[in-house]
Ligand SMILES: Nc1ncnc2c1ncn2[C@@H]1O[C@H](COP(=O)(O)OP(=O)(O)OP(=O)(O)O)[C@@H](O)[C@H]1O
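Coming up is one lone chain in structure tokens, specifically the form predicted on its own.
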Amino acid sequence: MTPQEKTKVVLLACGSFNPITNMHLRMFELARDHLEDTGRYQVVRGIISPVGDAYKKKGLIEACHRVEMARLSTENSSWITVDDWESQQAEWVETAKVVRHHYTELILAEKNHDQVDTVKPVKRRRLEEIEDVCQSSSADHNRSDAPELKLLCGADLVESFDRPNLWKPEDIVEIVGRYGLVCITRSNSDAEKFIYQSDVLHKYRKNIHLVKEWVTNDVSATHIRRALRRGQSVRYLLPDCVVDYIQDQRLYSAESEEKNTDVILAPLQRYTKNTD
């Protein structure tokens, strides 16, 4: 298959990135290798989209810091970028809407004959019109000349689909059925079994790419924050520029970890309210 015949793919990772770690960045490399090794795909771009402050997760520091750390960590990457649209929204934005937003921008770029990584400014009304088209039909997503957008995630996100009031069922169908997932599995999870046990995920299993990380690295942002507030070194677990930024800004203390302690997570607030 020639490069022209391969399907172009853009990988989108949503999450707290609190802080961004080497493993977050490693996920992009693993996903790209896996997809391109099939001989059917060409990964042209990776996008990191940090969640906004309105998500209200315990210990979540301000988005301005999380976005800046992500930007610093990708400065030397030729294909991974950071987008702050999600983080700038006043209210928490569902992941399905974030995916839809980024796919809309890809379609607009194609229509304007721009490169995949460039989107010309458009009027808000025009953007909403395109979003309506994208919501009502998957025709654009099946165009051979349009890049596919896939959500890049870890096994923990896939397993969270089963948590009550955390996801809208229709959002799961849209994300998995229309766009697709690239899931990086970890040593202590069985994503394949979870997919088999879920009727929805099993229905769209061909849209889910499971990627095994053989060089295991179970370092999480939670472990990183714990080490930081205890004054322990996190060097070589994060990009050096991120370590320096954390030290310069004096981020991640015992006080910051208590942020949002008594606040209900945004999706639980919204979806529990709707089911009452």
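No experiment lies behind these values; they were computed from the predicted model shown. Numbers follow the displayed sequence, beginning with 1.
Keep in mind that the form predicted together with the ligand is missing from the display, and what follows is about it.
Interface residue remark: Asp156 is counted as part of the site for the ligand in the predicted bound form, having a heavy atom within 4.5 Å. Remark: Ser16 counts among the residues lining the ligand in the predicted bound form, judged by a heavy atom distance of 4.5 Å or less. Taking the partner from elsewhere, His209 is found to have every heavy atom lying beyond 4.5 Å of the ligand in the predicted bound form. The ligand is not shown here, and in the predicted bound form it never comes within 4.5 Å of any heavy atom of Arg40. Proximity to the ligand in the predicted bound form, taken as heavy atoms within 4.5 Å, picks out 180 to 188 from the listed stretches 195 to 203, 72 to 80, 100 to 108, 180 to 188. Distance criterion of 4.5 Å from any heavy atom to the ligand in the predicted bound form singles out Ala221 from the list Ile246, Ala221, Ile61, Val44. This chain appears without its partner; in the predicted bound form, the one residue of Leu238, Val67, Met27, Leu35 with a heavy atom within 4.5 Å of the ligand is Met27.
When contacts are defined as a non-hydrogen atom within 4.5 Å, none of Ala54, Arg229 and Lys259 contacts the ligand in the predicted bound form. Contacts of stretch 225 to 246 with the ligand in the predicted bound form, defined by any heavy atom lying within 4.5 Å, are made by Arg225 alone.
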